[in-house]
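Here you get one chain, nothing else, as structure tokens; it is the form predicted on its own.
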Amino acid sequence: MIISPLTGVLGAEISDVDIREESTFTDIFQAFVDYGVIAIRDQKITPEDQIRFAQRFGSINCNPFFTPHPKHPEIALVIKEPHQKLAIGESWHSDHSYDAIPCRASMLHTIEAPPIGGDTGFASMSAAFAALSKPMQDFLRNLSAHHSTSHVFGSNAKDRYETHKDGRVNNPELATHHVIHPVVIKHPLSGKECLFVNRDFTTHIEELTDDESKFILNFLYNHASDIRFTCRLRHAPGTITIWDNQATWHTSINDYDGYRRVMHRIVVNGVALESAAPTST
């Protein structure tokens, strides 16, 4: 197995490995922890193989909003046809941050990729937090934020987004998730401090006024998406891409109009989040 880092802060490509062999998983999982996002190249697998591989990371979360695979409900179909203009997930976000226990990982198996474009960008939330001043870090550790699905997947969003109108996103009546998480978490695997807010699902910071909350969130969104903390990953048929939703953001780069892109997506459950705020003695 060959691991090739993509940048100095996150991301790696993995080659010369077969994910169907259980003996490879310990090293793959460690790379997932170390790099936050990994792309395992040249995999000739079936949907059943992808499901078995995903289950080694944890139990599978069946997303109710995306169209499921016709034979495998554990797999969501992420498709953009040549005539469609909007891609799913175009803004920086963490999958399932709106769940009481957010997911650990998301996994994409690239079935069909455009000849140009269609990459995914990733950002390290530990690197972004570490780059802040100590007073700002201390301030953020004691805050909590509200996350929700209603404004992204709910009925009010149906008329705003092409992905809702064309059936790629469904079941708006199920978009009732509302949860509060720490703004800064202690990562359950690496122990690193990570920002845990995102543009898609975070609505406000609980302890601040509306104006203060908007100001701080916009500052964090602009700061954490700085190119210093990011990598860009190229998809190709047969690539398995796995990222840590508690350590990274991601965004779909929609620069391939006129071409088709097909992904098989699986989401893996995580564990309850731990605040990075110091415990009182």
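The first residue of the sequence shown is number 1, and the count goes up from there. Predicted model, so just to flag it, every value in this text is computed and none were measured.
Only in words, not in the display: the form predicted together with succinic acid, which the text now covers.
In short, of 250-258, 38-46, 23-31, 221-229 it is 250-258 that has heavy atoms within 4.5 Å of succinic acid in the predicted bound form. Although succinic acid is omitted here, in the predicted bound form none of Arg104, His109 and Ile240 has a heavy atom within 4.5 Å of it.
Interface residue remark: Ile185 is not counted as part of the site for succinic acid in the predicted bound form, having no heavy atom within 4.5 Å. Contact check for Arg265: a heavy atom falls within 4.5 Å of succinic acid in the predicted bound form.
Residue contact check for Asp95: one or more of its heavy atoms lie within 4.5 Å of succinic acid in the predicted bound form. Interface membership of Val78, defined by any non-hydrogen atom within 4.5 Å of succinic acid in the predicted bound form, is confirmed. Taking Thr163, Thr120, Ser126, Thr202 one by one, only a single residue has any non-hydrogen atom within 4.5 Å of succinic acid in the predicted bound form, and it is Thr120. This chain is drawn without succinic acid; in the predicted bound form, the residue among Leu140, Ile88, Ala113, Val152 with a heavy atom within 4.5 Å of it is Ile88.
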